[in-house]
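The data below hold one chain only, encoded as structure tokens and taken in the form predicted on its own.
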Amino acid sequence: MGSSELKRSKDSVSSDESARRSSFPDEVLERVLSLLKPHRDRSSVSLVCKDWYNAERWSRTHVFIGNCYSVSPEIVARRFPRIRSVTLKGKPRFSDFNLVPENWGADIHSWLVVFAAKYPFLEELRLKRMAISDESLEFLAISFPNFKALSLLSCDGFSTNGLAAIATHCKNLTELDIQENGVYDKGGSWLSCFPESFTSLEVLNFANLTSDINFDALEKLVGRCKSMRVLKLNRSVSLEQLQRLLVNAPRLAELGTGSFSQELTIREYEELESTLSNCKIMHTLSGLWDAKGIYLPTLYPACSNLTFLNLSYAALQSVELAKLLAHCPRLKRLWVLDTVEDKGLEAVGLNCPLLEELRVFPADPFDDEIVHGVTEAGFLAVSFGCPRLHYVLYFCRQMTNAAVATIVQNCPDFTHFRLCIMNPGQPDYLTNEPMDEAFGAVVKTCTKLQRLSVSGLLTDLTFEYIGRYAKNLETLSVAFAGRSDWGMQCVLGGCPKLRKLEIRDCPFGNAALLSGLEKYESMRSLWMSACNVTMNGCRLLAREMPRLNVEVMKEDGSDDTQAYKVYVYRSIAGPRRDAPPSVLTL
């Protein structure tokens, strides 16, 4: 067959395929596409052809927006007319470390105004690092008559008065999830605002609120909501009160206890143990504030089906943890404080063969004289006993290259490897060598790696390894590392799937910043703080890449020539109009 005939044949096949694709009735195509859940898959499908684009547009009911300034609410509403659920992220992650000005932005209210006009049928709103006021919460509560689920994670600007408005007006609410927020806690009376006829709540999480709550109102609420499956309490709830709540919530799958240190009588102890033994379907346990070892055995009967144990608020010792883990044969996720020490992590390796995720947090990250903590020995013990481990966040005082190499050999399927050696710039404490070979081993061995956080004494060699081997890497976090611009250039030139790059206190300058000109539009964001970037470098980037928003956060008294904090992100909405004076958009 000649080339012209082959081309005509291919054109004919292509035309036939296009006709077949478009021959689907719209209702059928929309129904098929509605079965696709991952937002990336739906985005890919929308690019196939015009018919699929329209079908995906009309069939989508949920939208995920990773940066609230990457698009405007008006654009979202035009693109997707039938949205019922929105997940929206705001401030850069470094706001968690107080590196972003308090008034930086990410206010939800303008979004709510558009949603009220375009999506009166909105049912779910999940926000992370957004600013939301009591007025916005009240507007939300009265604007969406069928609203069902509100999740606020690391948000700020509101008080318990806003929660009272949600409780008062959202008659169909099934989920109220308040996590790690900067809430102005005015007391627990907001719980009494749920109407006496209200029975629909399935998820209630107020673990990070600090004040005493109206327990009578809480007990009545839990008693009315027979489908309650998630209940996470704050530390003001006592063990005796916990027992009374559990009697009325037999279907709990996730429990966050209050304080676990109340003095119990023998009878109260036995009642708590008996009630917990009836929690047959519970798979997630958290809370346990101020936990006393004497009461931990009451949990043993409820641990047999646990897959997630969050002890990040419980300063357990190694012996206490070992006894508890002996009753958790199905555990897949474990969060602990470093008070468990290496001995506690040895117990993890012995008792948790199905473990997939481990997070070890510092009990007191700012105490240099601290005597407890974890080292490479605990990490090694976990890797030997938990071959399915693929997600780790590990804060430690010391580490070695050899240990990390052995760990990734034992667990080669890491997708998330976040190692934080808490003393910046610390070398391998046995050889005094940089930690380059440790992270080289990670990226060479773990071919599925998506997220990496590096720490310790690192030269540019680490970043050469990352650029050469980390071909599936999406998020990289770097602090106090590198020697020259070459390190950052290796990453930007070598990681084709990179979406988020976070850098602080590194010697990377304008040459490094500008080496990403062809990369940034395919990324979600770049953060650089306390590096060697100048205002002129940022202006050049903004001039060369007009579709990027290049923001510089200035501090009082800072050098006008230096760009101390730089945030770069792609946007189809153009420069934002609500930036405070401390944020310059170039």
Partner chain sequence: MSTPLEHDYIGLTETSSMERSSEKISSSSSSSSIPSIEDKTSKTANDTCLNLKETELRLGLPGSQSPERKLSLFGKDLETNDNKSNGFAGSSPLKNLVSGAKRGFSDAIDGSNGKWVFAMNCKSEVELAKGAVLASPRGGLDSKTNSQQAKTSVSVMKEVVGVPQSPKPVQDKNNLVPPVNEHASAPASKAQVVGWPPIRSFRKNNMASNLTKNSDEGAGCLYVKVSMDGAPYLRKVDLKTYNNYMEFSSALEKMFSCFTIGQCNSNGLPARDGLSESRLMDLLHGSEYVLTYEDKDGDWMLVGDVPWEMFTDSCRRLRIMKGSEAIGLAPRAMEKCKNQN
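Nothing here was measured: the structure is a model prediction, and the numbers come from that model. Numbering follows the first chain given and starts at 1.
The same protein also has a form predicted in complex with its partner chain, omitted here; what follows describes it.
- Of the candidates Pro424, Gly493, Pro412, Gly223, Pro424 is the one whose heavy atoms come within 4.5 Å of its partner chain in the predicted bound form; the others do not.
- Only one of Lys500, His390, Arg235, Arg244 comes within 4.5 Å of its partner chain in the predicted bound form through a heavy atom, and that residue is Arg235.
- Interface residue remark: Glu555 is counted as part of the site for its partner chain in the predicted bound form, having a heavy atom within 4.5 Å.
- Contact annotation: Cys420 falls within 4.5 Å of its partner chain in the predicted bound form, judged by heavy atom distances.
- Its partner chain in the predicted bound form is approached by Glu433, whose closest heavy atom lies within 4.5 angstroms of it.
- Heavy atoms of Ser154 reach within 4.5 Å of its partner chain in the predicted bound form, making it an interface residue.
- Of the stretches 109 to 117, 284 to 292, 403 to 411, 82 to 90, only 284 to 292 has residues with a heavy atom within 4.5 Å of its partner chain in the predicted bound form.
- Shown here without its partner, the chain carries Leu334, Lys448 and Tyr465, none of which come within 4.5 Å of its partner chain in the predicted bound form through any heavy atom.
- Interface residues of 64 to 97, taken as those with a heavy atom within 4.5 Å of its partner chain in the predicted bound form (partner not displayed): Asp96, Phe97, in sequence order.
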